[in-house]
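This document starts with one chain, in the form predicted alone, laid out as C-alpha cells.
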C-alpha cells in the first residue's frame, strides 16, 4: 500500500526535527570557532558554516516540497551538482554529528530496536534513524552496494522499510577489478543513475554544466594534491585537526565543483606554504610521524588525538581520507567525463578505494605513504565495522615489516567509545610507542 500524502508529510516533519537539531549543533560549533582568530580555525569555521548552509538547503527543499536526494560521495556527486540537486549523505549523522551529546543514546536505541551490534555502527545508526523516522525522506535515493557487506545490508533493509518503501532507490553496481572494462562498466552505471535521477526529479543533466562542475572540481583536487605534498615537510605543518577529513568534506560533499570550495583550498594551501617556509610544525617538538590508516575516531576524537600530540609528540602526517591519488577528469567530451568520474569515484575515493576491491590497495597505499611522508609508524585503528580491512591485517603488517616500520592494530569502534574506551586505546598506543622505541 502506497503511503498517502498526509502520512508522508508527518514523516517529513518528524524527520526534520532531528535534522534541525543537528543544524543547531553545527551552529553552536561555528560560534565557538568564531571566537578564535587563528586563521586555521577560521578555515574550519568556514567548513561548519558550509555544513549549516547545506542543512538549511535540505530543510528548505523538504518544507517547500522541492526535490532533494539521499546519496553518497562515491557515486559521482559531480552529477548531483550539475543537476542542481540538493543531497544529503545517508550516513550523515554518524559521521558529521558523531561528537553530538545524543550519539550514544542513539547507539543504545538502535540496539533496543533489535539491530545487531556486530555490524558497522555507522550503518546501524543510519538504519535506526530511518526506522525511527529521524531522517527526512528524500525524493529518491542513491544506494550503495560497496565497499562492504554492511552497506549492502543497510540498503536491503531500507528498500524494505515500511516508511520508505515508496522512495525510489538506485544503486550503482561496482565491478571488482581496476581495468578499462571495469571503468567502462561503471561509467555505464553512472549514466543509468542519471536516467534514474531525471525520471524521479524535475531536473535534467546538462552536459555543458557537468563540464563546468568537473573543471572546477579538478581545480580543487589539484590544490588538494598540492596541500598533501606540503604535509611531507619536517616538521609537519598540520596535524589531525586540519587536512584529510575537511578536504574530503569540501571536495566530495559540501562544495563539489563550487568556486567557494576552490577558494577554501587556495586559502589552505597559502596558510600551509607559509608554515612550511617558516619551518613551523603543528606542535613544538615533533617526535613521531604516524599514518592513521582509516577514519578518525569521530565519537571521541577531541580527547584522543590531542593526547597523541601532547603526551607523545606524535603528529598525524597522513590518514586514509587525506591520501590523494586522484587524477583530473578529462572534460573533452561526454564519454571521457563519465569514464573519468567512474575512475575517480570507484578507484580513488577513500575507503571505497581500499575496501571494495583487491587487498593490494591496503599494501600499496601503506608503502606509498610511508616512503613519501617519512612515516615512523602505521596505526590501523581496526574499526569493528571494517571487517574487510581486518581481513587484510596480516598483509598490512607484513608490508610494514618489509618497510621496517612499526605497525599496530588497535580494535575499536569509531563512534561508540564504550567498545574500546579512549583510556584503553591510550594505554595500547603508549605501550606500543614505548616498545618500539618511539617518542
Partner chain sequence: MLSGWFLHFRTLLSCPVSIFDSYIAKITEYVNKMKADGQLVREYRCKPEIRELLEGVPVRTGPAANQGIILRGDTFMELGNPEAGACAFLVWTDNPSLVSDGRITLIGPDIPESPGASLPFGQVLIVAGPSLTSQDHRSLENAQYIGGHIEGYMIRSVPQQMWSRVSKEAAAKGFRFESLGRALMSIYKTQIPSVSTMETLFITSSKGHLEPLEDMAIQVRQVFMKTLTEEWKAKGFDVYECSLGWDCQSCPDQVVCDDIKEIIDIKKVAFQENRDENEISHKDS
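Positions refer to the first chain, counted from 1. The shown structure was predicted, so the numbers you read here are calculated from the model rather than taken from an experiment.
Separately, the form predicted together with its partner chain exists; it is not shown, and the next lines address it.
Item to check | Contact test in the predicted complex: residue 106 vs its partner chain, heavy atoms, 4.5 Å | outcome: Residue 106: no, not in contact with its partner chain in the predicted complex.
Checklist entry - Though only this chain appears here, would residue 206 touch its partner chain in the predicted complex if you measure heavy atom gaps against 4.5 Å? => result Result no; residue 206 lies far from its partner chain in the predicted complex.
Checklist entry - Is residue 398 close to its partner chain in the predicted complex, meaning a heavy atom pair under 4.5 Å apart or at it? => result Contact check for residue 398: yes, within 4.5 Å of its partner chain in the predicted complex.
Next on the checklist: With the partner left out here, check for me: in the predicted complex, does some heavy atom of residue 229 sit within 4.5 Å of its partner chain?
Outcome noted: Yes, residue 229 sits close enough to its partner chain in the predicted complex that at least one of its heavy atoms falls within 4.5 Å.
Checklist entry - Here the chain is shown alone; which of 59, 53, 43, 405 has a heavy atom within 4.5 Å of its partner chain in the predicted complex? => result Only one listed residue qualifies here, and that residue is 405.
Next on the checklist: Which residue, 276, 308, 125, 247, is the contact with its partner chain in the predicted complex, using a 4.5 Å heavy atom cutoff?
Outcome noted: When its partner chain is considered in the predicted complex, the option within 4.5 Å is 276.
Checklist entry - So which stretch, 230 to 238, 206 to 214, 308 to 316, 79 to 87, is the one near its partner chain in the predicted complex (non-hydrogen atoms, 4.5 Å)? => result Stretch with heavy atoms near the partner: 230 to 238.
Next on the checklist: Residue by residue through 315 to 333, which ones have a non-hydrogen atom no more than 4.5 angstroms from its partner chain in the predicted complex?
Outcome noted: Read in sequence order, the residues that approach its partner chain (within 4.5 Å, in the predicted complex) are 323, 325, 327, 328.
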